[in-house]
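So this first bit is one chain, no partners, the form predicted on its own, shown in structure tokens.
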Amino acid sequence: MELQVGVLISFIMYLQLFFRPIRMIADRYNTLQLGVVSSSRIFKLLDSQEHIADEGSFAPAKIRGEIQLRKVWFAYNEEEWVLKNIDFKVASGQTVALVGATGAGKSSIINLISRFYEINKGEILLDGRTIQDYSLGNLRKHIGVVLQDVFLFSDTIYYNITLGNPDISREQVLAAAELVGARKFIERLPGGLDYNVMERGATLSVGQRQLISFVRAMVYNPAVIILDEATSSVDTETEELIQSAIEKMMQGRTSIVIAHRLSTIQKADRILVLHQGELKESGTHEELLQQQGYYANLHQMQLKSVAI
């Protein structure tokens, strides 16, 4: 029996026509499975319960900003202590810097002050009252937090500062921008406050994104300012501009600053040195250098790296 070329080609084409729908069904099944897994994660997140109990009712219109940690112990996992017996006080209007290696517990402290986690032992006081007495909304309204990694939504600068809060007017936003030195660059942008920054602020520089985060914090006029590595990812020229904005933000406010660059915190009223979750040293820049301890070693290493 002779096999003609046309018959062979027809057979191959029929095979392809037969298996193509099967492959498409298999691909759709894989896509469906991915959708089911993603949906289950989303629903699990939506159904999760808030682990911080908002049982406090104290909601003062203004606070002095005095913060005190009394023998605070904290662990994300049971008995794996991140903070061990932390005890210090920040007076109203004082600037305190937290220094230490990665994993020393600096960011954990600011998360606990804002009550994103509950402490295991000890207590945290704000103006002499434990933070559990405050309603969560009121507590966090008085604390302005500026993080190292600034997240901006694909929307206008005005929305990214107010985050949709209708109680904040454009005049308040411009006043806060003037305070931190961001108003000039905002007004130079097409549309000013109505300029769309795109996802994660892709159309702005790192320094501009950081300045917008400062305005976002200052528009609520908080009594307490927390800065977490706010100048770590910018160049020297931009750092000077941001440092000037930070000094303006700190005036008359209780400030807690986290920084790896020791040059940015030398003017702090007090420097706390953390190591492996413990408070090792405390004092001014000059006092800590004279102690020839952990801080002095950090300072010496940074001087060597700058010289190289």
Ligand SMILES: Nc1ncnc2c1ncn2[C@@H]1O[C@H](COP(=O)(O)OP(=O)(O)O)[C@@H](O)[C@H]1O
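This structure is a prediction, so every number in the text was calculated from the model and none was measured. So that there is no doubt, residue numbering starts at 1 and follows the sequence shown.
FYI, the form predicted in complex with this ligand isn't displayed, but the following is about it.
Check: Which of V82, L211, V197, A217 has a heavy atom within 4.5 Å of this ligand in the predicted complex?
Finding: Looking at the other structure, the residue within range turns out to be V82.
Margin query: Considering non-hydrogen atoms and a 4.5 Å limit, does this ligand approach T95 in the predicted complex?
Written below: Looking in the predicted complex, residue contacts with this ligand do not include T95, since no heavy atom lies within 4.5 Å.
Note to self: Is G103 near this ligand? Define near as a heavy atom within 4.5 Å, in the predicted complex.
What the structure shows: Residue-level check for G103: yes, a contact with this ligand.
Notebook entry, point to check: Even though this ligand is not shown here, does N77 get within 4.5 Å of it in the predicted complex, heavy atoms only?
Noted result: So N77 counts as contacting this ligand.
Note to self: Against this ligand in the predicted complex, would Q132 count as a contact residue? Criterion: heavy atoms within 4.5 Å.
What the structure shows: It does not: once this ligand is placed as it appears in the predicted complex, Q132 has no heavy atom within 4.5 Å of it.
Check: Among 103-111, 173-181, 123-131, 202-210, which stretch has residues with heavy atoms no more than 4.5 Å from this ligand in the predicted complex?
Finding: Only one stretch qualifies here: 103-111.
Item checked: Members of 114-130 lying within 4.5 angstroms of this ligand, judged by heavy atom, in the predicted complex -> Just Y117.
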